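We begin with a single chain expressed as structure tokens, specifically the form predicted on its own.
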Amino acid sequence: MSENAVPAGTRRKIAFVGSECYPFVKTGGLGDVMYALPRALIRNNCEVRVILPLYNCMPMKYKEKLEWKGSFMMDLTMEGRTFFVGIMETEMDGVIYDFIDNKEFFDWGNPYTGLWEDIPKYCYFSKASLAVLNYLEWIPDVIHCHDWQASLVPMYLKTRFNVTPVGKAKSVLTIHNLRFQGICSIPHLKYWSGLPDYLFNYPVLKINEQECNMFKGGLAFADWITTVSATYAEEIQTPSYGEGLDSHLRYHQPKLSGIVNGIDTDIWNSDTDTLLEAPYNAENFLERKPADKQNLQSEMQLDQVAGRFVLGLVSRLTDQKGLDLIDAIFPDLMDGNTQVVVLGTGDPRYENAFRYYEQKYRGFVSANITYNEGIAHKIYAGADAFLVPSLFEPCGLTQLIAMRYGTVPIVRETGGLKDTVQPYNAELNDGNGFTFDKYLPAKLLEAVNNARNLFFGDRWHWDEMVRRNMQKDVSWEKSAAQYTELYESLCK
């Protein structure tokens, strides 16, 4: 047992605070983490509650399962205005979910509407989360906060709540994507948060004479900071990736670490996936995966030729995802033996580019400008290789899912992509994908060509890599163990 491992019989109480969680409401990877990590922690002898806003957009089938747990009035703002706090609760797979009910903040629009409106919403949510824990008399050992929307929790914890029961809890703040920080005018946040004036200075919230930054303040006050991969933890301390907070993060480096995400291996399981034409595993993929490739070609109106090299792309269509690199080399991809299947929405520039390529290269390109869970599963299973050439990628889940489905990732060496995909080495016959370093179209094309050369020229070694990928542990278990050790070290 390592030095910080949890002693036998110890059961730590962990509260998760975040703005979204699958299956109740999800807009991105944060929702997946808020769902999967608590479930893994339960299996690791933790007691976990997840605190969420009760958005009006949450599907009715989940609202109908909520149980009323009480309500109270809470002061907020500089002048102490009072607001209603209702508590609705449900349980799923051993995890308790407490939803904060307030129609004024959560009963309109989508989870994220606009920064001016979202600042008051998440000031209220951060403070109400701590008030709810006190009201329920459920005092956690650690409060694990996620992204800027929950970043005021560590600040409230050590100021307004420091002499209340919840004040003894330690706080962890996880950076999922540093690009979004909750920046607003100082008077706006000062009014809505009601936080003490001394926090609105440069070491904490202030970033210039007019503006403050919620994430910056939370990072300063959290007992520990994590990111979703070790490489991203290093990258964000540099000007290139730090989004203006690199010097702040270098200062707080002693309490900063990276723990790579996992995926839910019950949902993403090629052997039990009912959305596939022919489910398969690491032992029988040679016989069964070709049927999924043929089915993908058929449904996507691609030429049904077994020998084609099929590249998959499931992504938000934005600059961050490296789509300018793909756009630059697209004619080079069309060598007569390669097909490309795209799924996603985003920047009209890329949506239109992929539509254009579908028209120009009929039978070789399929552009699905939408998001469809069923198509995503079929691309992961039916493609031979998977493109993730991101400009930056805090963790990335698609490369983990692709490996789980025996689809070889082609990635840029950044963030979690670098931590999870080791480049193929022909001499040693190891590695689990193809990688490139510099953010250049030629480098991406070189990686794709290396993959094509192995696929067409040495299928035995390609299939060995597929088998290695399918056997690789990409579950949450290892990550949950690391988080459990972190919680334990903080509690000591």
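Since the structure is predicted, the reported quantities are computational estimates derived from the model, not experimental observations. From 1 onward, residues are counted along the sequence shown.
The following text describes the form predicted together with adenosine-5'-diphosphate (ADP), which does not appear among the structures shown.
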Contact residue in the predicted bound form, chosen from 300, 123, 343, 225 - any heavy atom within 4.5 Å of adenosine-5'-diphosphate (ADP): 343
Answer option from 213, 338, 231, 315, heavy atom within 4.5 Å of adenosine-5'-diphosphate (ADP) in the predicted bound form: 315
Options 236 to 244, 194 to 202, 163 to 171, 371 to 379; stretch whose heavy atom lies within 4.5 Å of adenosine-5'-diphosphate (ADP) in the predicted bound form: 371 to 379
Residue contact check: residue 184 to adenosine-5'-diphosphate (ADP) in the predicted bound form, 4.5 Å heavy atom: no
Touches adenosine-5'-diphosphate (ADP) in the predicted bound form: residue 398 (any heavy atom, 4.5 Å): yes
4.5 Å heavy atom contact, residue 28 and adenosine-5'-diphosphate (ADP) in the predicted bound form: yes
Heavy atom of residue 393 within 4.5 Å of adenosine-5'-diphosphate (ADP) in the predicted bound form: yes
